[in-house]
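Here's a solo chain for you in structure tokens, the form predicted on its own.
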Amino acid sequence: MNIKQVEGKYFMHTYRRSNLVIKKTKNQFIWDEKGKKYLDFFSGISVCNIGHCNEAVIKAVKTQLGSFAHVSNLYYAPVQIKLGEELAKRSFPQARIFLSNSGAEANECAIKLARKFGFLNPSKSGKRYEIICFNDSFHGRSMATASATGQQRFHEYLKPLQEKFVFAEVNNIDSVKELVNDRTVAVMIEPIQGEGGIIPAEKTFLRELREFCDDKNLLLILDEIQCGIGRTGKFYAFESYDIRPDIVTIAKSLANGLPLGATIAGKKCAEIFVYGDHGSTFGGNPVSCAAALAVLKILNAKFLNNSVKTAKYLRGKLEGLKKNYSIIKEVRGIGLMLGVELTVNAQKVVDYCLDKGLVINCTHNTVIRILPALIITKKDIDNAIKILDEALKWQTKILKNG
């Protein structure tokens, strides 16, 4: 049997995989089993932000593996404690960290933290537990995070969902205000919706949201699983908005390919959890923490500033394509988290590009999602745009010919 047949026989059919069989990766490139080289503009869904097989990360991982891979969170692992310190320094004053294995777990922790905050800080009518989320959001696939996700396609077969998640419209503060009541405890939002189609929150909206949460004593939770860790040109996306959340969650690219998530709480709720309130067997794995420390060291101001310049160049090239093709409805996003919305289904364009050696992604049916490593060059962008141009020309011709 070939690999596709083996996967089909032994795995649950939860992924719609392409025919790409990966043999090796390096920096911004992927090679398949036949030796064909691909330019990766997806980074494993914004995971390998500093490139595949980064030498500093590999060295840190090997060194930690030579000492220990796991000792339980009942004991102190110096590399884990050091990572918590570094994350707190990059976040906000009096921050407290909880390390987990994934974005869903980081968000699950944030939800539990908010619920306990509402228990300890009730309204006149009793404890608060309701969380306002947003239409087209995505927060994970656990029962709680799926219930907090504002897309019906993720709810099929899961009902009854967990209760007390309600949904507002991004960039519409009135829709948020209409949902607030004595049971409301928090607002949870992605600064840039990823699975929802690369939809950035407007600066004025997030600032109004921050002010509103302060006025109503609500926690503001920012899910930066996909848009954080340098993706927007800042370490956190919220830095581009000049606001500060009460809780921020990160994962995906934190350890550049190794499983690691973090929930970071500010002063308002940093002391809410006590012994036994939450835990994780593998959360904050020492090997993953070593990788994350290497990532943080690389993501300095000079590195991030260079990614901003690269992002502007890429955005300009995409806007150029928009002028040439009527099937491009909009180019949007921040930094190197960009979406190209088409008037037609985007999957055929994505498949064409893959065949020609460019890895991109389709999300929300009509949006080409572009998430390249932050190390890409102008030459890489020129090569990617050339292939995307060919794909759009091919799709336009098909539509014209009926």
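Only a predicted model underlies this, so the values are computations on that prediction, with no experimental measurement involved. Heads up: residue numbers just count along the shown sequence, starting at 1.
FYI, the form predicted in complex with a small molecule isn't displayed, but the following is about it.
For the marked spot (P200, E239 and I334), a heavy atom within 4.5 Å of the small molecule in the model of the complex is absent from each of the three residues. Comment: the small molecule is not present in this chain, but in the model of the complex one of I225, I111, L83, A262 has a heavy atom within 4.5 Å of it, namely I225. Just one of I328, L218, L87, A104 comes within 4.5 Å of the small molecule in the model of the complex, counting any heavy atom, and that one is A104.
Shown alone, this chain has one stretch from 264-272, 121-129, 96-104, 69-77 that lies within 4.5 Å of the small molecule in the model of the complex by heavy atoms: 96-104. For the chain shown alone, F138 is a contact residue for the small molecule in the model of the complex, at least one non-hydrogen atom being within 4.5 angstroms. Taking the partner from elsewhere, D246 is found to have every heavy atom lying beyond 4.5 Å of the small molecule in the model of the complex.
In the model of the complex, none of the heavy atoms of R231 sits within 4.5 Å of a heavy atom of the small molecule.
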